[in-house]
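Take a look at this single chain in structure tokens; it is the form predicted on its own.
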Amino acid sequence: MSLNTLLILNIRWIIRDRILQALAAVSLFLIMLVPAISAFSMRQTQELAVTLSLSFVSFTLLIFALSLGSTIVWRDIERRYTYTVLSLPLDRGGYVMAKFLAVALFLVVAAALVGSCSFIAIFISSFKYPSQIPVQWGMIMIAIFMDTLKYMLLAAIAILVTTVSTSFFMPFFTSIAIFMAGSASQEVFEFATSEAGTRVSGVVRLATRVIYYIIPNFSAFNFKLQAVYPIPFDPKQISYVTLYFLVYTALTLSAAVWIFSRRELT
């Protein structure tokens, strides 16, 4: 079995998953309610529509990344499909990469679909309740793109944890914990390195620095504020964050392949 064949099979399984279909339908329904919800804001209808739309897109991708990243390898091991697949001419590294690529492609398609619906919702809100601030369509696209990269990285981390776990709960809740810590790590690091942070013990500050450089900085992928308001930003920042994503994801997947290649499947 080739890598492409396994990739196609995994994509088919993801598309046919009834739970994911239900989640996608609910997400699209909520996004289409954005114009009605944002109308309750008397002064910043357009800004609220953009904020709600991007929040719904982000939350949808978060649920998809967590559910797929935590189950796509565990499901095969639990149902003993792994033994059949690995008995074919395909190494374990190719198996793990096919799993990740299937999740990544699904996240891209989901982001495009949900993002397109959010564009419609924002356009309706901005047309009915025009604002003095023009809609930042380019920044909205960038914000959705960076969110997609963020949740691809989260899915890679979930797959890494799955390679050492024998249950669904450990990858799922560990990924949630890493995501929450990574989303707040920048603020905690800035506090620990500021003058106010000098009141904290040196051991705590050292631990904060170590954790900051180990766990992924998910807050770096957040461009929602620039999408809502015309706030200038450095275009190099997008390149740096994209490079950060590529390096961190490559290291995470390399560790996942190395661990899974040495795992005893019983």
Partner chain sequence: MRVARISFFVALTAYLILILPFTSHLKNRPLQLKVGYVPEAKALKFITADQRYAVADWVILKVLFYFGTLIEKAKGANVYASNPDYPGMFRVLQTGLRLEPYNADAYYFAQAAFTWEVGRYAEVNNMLEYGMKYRTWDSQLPFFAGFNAAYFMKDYKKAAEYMKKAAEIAQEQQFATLAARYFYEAGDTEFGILFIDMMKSSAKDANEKKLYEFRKRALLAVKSIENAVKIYKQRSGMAPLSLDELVSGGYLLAIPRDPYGGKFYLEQDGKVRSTSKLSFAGAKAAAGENQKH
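No experiment lies behind these values; they were computed from the predicted model shown. Positions refer to the first chain, counted from 1.
In what follows, reference is made to the form predicted in complex with the partner chain, a form of this protein that is not presented.
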Item checked: Listed range touching the partner chain, judged in the predicted bound form by heavy atoms within 4.5 Å, from 57 to 65, 203 to 211, 24 to 32, 233 to 241 -> 57 to 65
Check: With the cut-off set at 4.5 Å between non-hydrogen atoms, does Glu187 touch the partner chain in the predicted bound form?
Finding: yes
Note to self: My question is simply whether Ser41 lines the interface with the partner chain in the predicted bound form - judged by any non-hydrogen atom within 4.5 Å.
What the structure shows: yes
Item checked: Contact flag, Phe100 vs the partner chain in the predicted bound form, heavy atom cut 4.5 Å -> no
Check: Is Ala112 a contact residue for the partner chain in the predicted bound form, using a 4.5 Å heavy atom cut-off?
Finding: no
Notebook entry, point to check: So in the predicted bound form, are Trp74, Thr252 and Ile259 all sitting within 4.5 Å of the partner chain, heavy atoms only?
Noted result: no
Next item on the list: Only one of Trp137, Phe145, Phe123, Tyr129 comes within 4.5 Å of the partner chain in the predicted bound form by heavy atoms, so just point that one out.
Entry: Tyr129
Notebook entry, point to check: In sequence order, which positions of 205 to 240 have a non-hydrogen atom within 4.5 Å of the partner chain in the predicted bound form?
Noted result: Asn222, Lys224, Leu225, Tyr229, Pro230, Ile231
